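Next up is one chain by itself, shown in structure tokens, the form predicted alone.
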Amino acid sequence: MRIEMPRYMERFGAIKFYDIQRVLELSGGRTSGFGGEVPGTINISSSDLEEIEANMTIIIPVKNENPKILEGVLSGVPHDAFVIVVSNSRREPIDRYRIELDTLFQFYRLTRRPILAVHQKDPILAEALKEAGYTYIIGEDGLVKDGKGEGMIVGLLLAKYLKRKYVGFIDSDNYIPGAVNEYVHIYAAGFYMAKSPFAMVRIKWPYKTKFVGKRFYFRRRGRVSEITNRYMNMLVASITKFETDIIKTSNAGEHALTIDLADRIGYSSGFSIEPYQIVYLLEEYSGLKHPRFPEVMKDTIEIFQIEPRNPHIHEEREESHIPEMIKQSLSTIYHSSLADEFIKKRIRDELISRKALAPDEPIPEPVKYPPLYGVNPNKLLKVLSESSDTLVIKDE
């Protein structure tokens, strides 16, 4: 894979934000290196990508997804990456999780690729989390809370057990297996470039594609991400006193990070989890406070933003959820300790104008969860392996 070298970078304390790098060739030849035969580019050979992917876990959160689409996503993940599926699908009146497992079993039988799956509402999972020492995502009913963010955290804790160096996320509603394959290669390319053990790779879709009439329409910007990026950059500018547009991946559902970094950042619930990762990094590691993990400050956090060649095509759902996604995303900025009154007023006005908030309604603070550092994943798997009827591990 050949991609552009980073042409621009902004640094805030220990955090390096690299500007967008585009994929130039999906396959760039056999020789890896910076510059190489084409100055200004980085080429990562297939063997180097495969070596990193063999040390990577891919987490796929699933909720009531079409099994054919899920199978397509699985087929796009490179074979040597370990796949973890965390499902929050309905189990009544039809057990959709059982349908997903049938898809996974058939895929494993035909490919022998390593897979682990668990259901988010499994009561044994909640017991295992208590034993492991991470009870924050357990609700009042004694089960893991609903929400994409909570499912991602479950996946991360299972990834810690596997002891692989890298972990990435892929949404389960992606129609194009080739796009999934490219995303994982991009993750590996980012980690190839990283010099720090604390690195993150975030995908910026070139187009979010929908079918209109008799043809595809390639929309350049997502509705939610464009708004969140604007206010995230405003938050950064309030710290530096210089306007910026460096952050372009606030709502990147497809992203990856080193396990060392995944252990040392906070998380949040629902749709807010991706922008909250950036807010947490700015609060904790921009040098404005004494961090819980000073070893990160002694090194750096590298955040790569990379644009793939494949467009992103997923199922078009009702647009009624868009205002709620905007509200959850912007709430992470509104309630940040770094946000001043000017930003808060702008966010409030934005949400009211988009009918995501009533004029007299408070902006709810996102539910936040602490870092995973110190959680014992071996205890988690021990309890699940002994008692869970939803845990599945397929690994030759």
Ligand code: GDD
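Given the structure is predicted, the values throughout are model-derived calculations rather than measurements. Residue numbers here begin at 1 and follow the sequence given.
Form predicted in complex with this ligand: not shown, discussed below.
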With the partner left out of view, is V86 within 4.5 angstroms of this ligand in the predicted bound form by any non-hydrogen atom?
yes
Against this ligand in the predicted bound form, would H321 count as a contact residue? Criterion: heavy atoms within 4.5 Å.
yes
With the partner left out of view, is P366 within 4.5 angstroms of this ligand in the predicted bound form by any non-hydrogen atom?
no
Any of the heavy atoms of G28 lying within 4.5 Å of this ligand in the predicted bound form?
no
Counting non-hydrogen atoms within 4.5 angstroms of this ligand in the predicted bound form, say which of K148, H185, K160, R113 makes the cut.
K148
Quick one: from E131, D173, E71, D263, grab the residue that has a heavy atom within 4.5 Å of this ligand in the predicted bound form.
D173
For the chain shown here without its partner, which stretch in 236 to 244, 300 to 308, 164 to 172, 132 to 140 has non-hydrogen atoms within 4.5 angstroms of this ligand in the predicted bound form?
164 to 172
Between this ligand and Q120, W205 and N251, in the predicted bound form, does every residue show a non-hydrogen atom at 4.5 Å or closer?
yes
Within 4.5 Å of this ligand in the predicted bound form, which residues of 39 to 73 have a heavy atom? Give them in sequence order, or say none.
P61, V62, K63, E65
